[in-house]
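Single chain ahead, by itself, as structure tokens, in the form predicted alone.
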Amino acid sequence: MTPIVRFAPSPTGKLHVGNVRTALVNWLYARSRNGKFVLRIDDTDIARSTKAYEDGIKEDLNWLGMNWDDSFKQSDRFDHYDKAADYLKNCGRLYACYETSEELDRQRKILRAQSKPPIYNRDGLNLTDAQIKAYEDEGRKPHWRFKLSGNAAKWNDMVRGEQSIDTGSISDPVLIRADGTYLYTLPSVVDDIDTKITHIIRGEDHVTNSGAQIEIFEALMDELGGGDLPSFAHTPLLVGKDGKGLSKRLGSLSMDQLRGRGIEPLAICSLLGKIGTSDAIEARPSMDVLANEFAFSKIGRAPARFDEQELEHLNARLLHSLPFKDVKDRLSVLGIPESEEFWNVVRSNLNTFGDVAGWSTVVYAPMSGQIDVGDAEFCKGAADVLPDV
């Protein structure tokens, strides 16, 4: 099967290493199989989504070398989601609930106190017309839940192996909020069916969600044009070198921050593409090499440890091996003579590409001041190995 995968960021913030890793795994798998990589902008949260963040996401992906084959915005497809929601309502799979958030929270606390799982009690299915009218007279608006079957949702995960989620052990998921806006789940399933996504690749924090989503897929696929259920792959989450989550540090690990620090995009992709796998963590010469080496069988089950210091070391090693042809234009942009001899002399001293400006001054700028007699021979020897101006 030729894979069709998607990366679906929300334009409510900047890309950071966590979601870039998800994008990268999708991109590498698609390119390793001559497949299709779709960029879906999940902007159903109109209040928080911005054009600036959307443009930033696209700029970052291009900078990283992850080109996409197709792209669309969910905000252009509300009519598709409305049609799917109406179908599910007519089938009795999407039902109205009128509890407030405070009432639901109280219900969960009571269940926990009784040592029971905090699962929604499905009161919404038993409301009479009189009760619904009373709620609406109060000014309440319903939120809408998808009725799960209570059966086991099973799949062979491409990373985790055989998986089974008992849908009777989880609450019927809310698909539409009381204000009429959609949560992630329904639009995502509709889009995946319409764009014929073959593989859903994401973090392992979505495993339980996948159990519910599989039932939504099964409820909608015939209505929306048929097809096969996508394959799933849930990758281990990214943690810091100390094993703790990165959530509090993601602001400093956004792509624009790393770019501002002089980190090479290929160093980022080399590290994110290899941590948590059986491959050696070394700088790869191109994205094509990373794609050719990719395989789900290499991904372990333990969390992938992201170490900023390791990224910096990898960045330096990458620069030390870069051939002149790959940096010629970049030297020109900095106003540095396009000299292969100069590059070969200084590259092993670089930690970031910006360091080359300082070495340009050392090599090309006129010397000022007096040189001690004892240093003259050393300076002459050093000058002999430097490229001609």
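Since the structure is predicted, the reported quantities are computational estimates derived from the model, not experimental observations. In case it trips you up, residue 1 is the first one in the sequence shown, and so on.
Although not depicted, the form predicted in complex with a small molecule is the subject of the following passage.
A residue is said to contact a partner when one of its heavy atoms sits within 4.5 Å of a partner heavy atom; residue 60 fails this definition for the small molecule in the predicted bound form, lying far away.
Contact annotation for residue 143: none of its heavy atoms lies within 4.5 Å of the small molecule in the predicted bound form.
Although the partner is absent here, residue 4 lies well away from the small molecule in the predicted bound form, with no heavy atom inside 4.5 Å. With a 4.5 Å cutoff on heavy atoms, residue 184 counts as touching the small molecule in the predicted bound form. Stretch 198 to 206 is the answer when you ask which of 281 to 289, 153 to 161, 105 to 113, 198 to 206 has residues with heavy atoms within 4.5 Å of the small molecule in the predicted bound form. Interface residue among 188, 235, 254, 167 relative to the small molecule in the predicted bound form, by the heavy atom within 4.5 Å criterion: 188.
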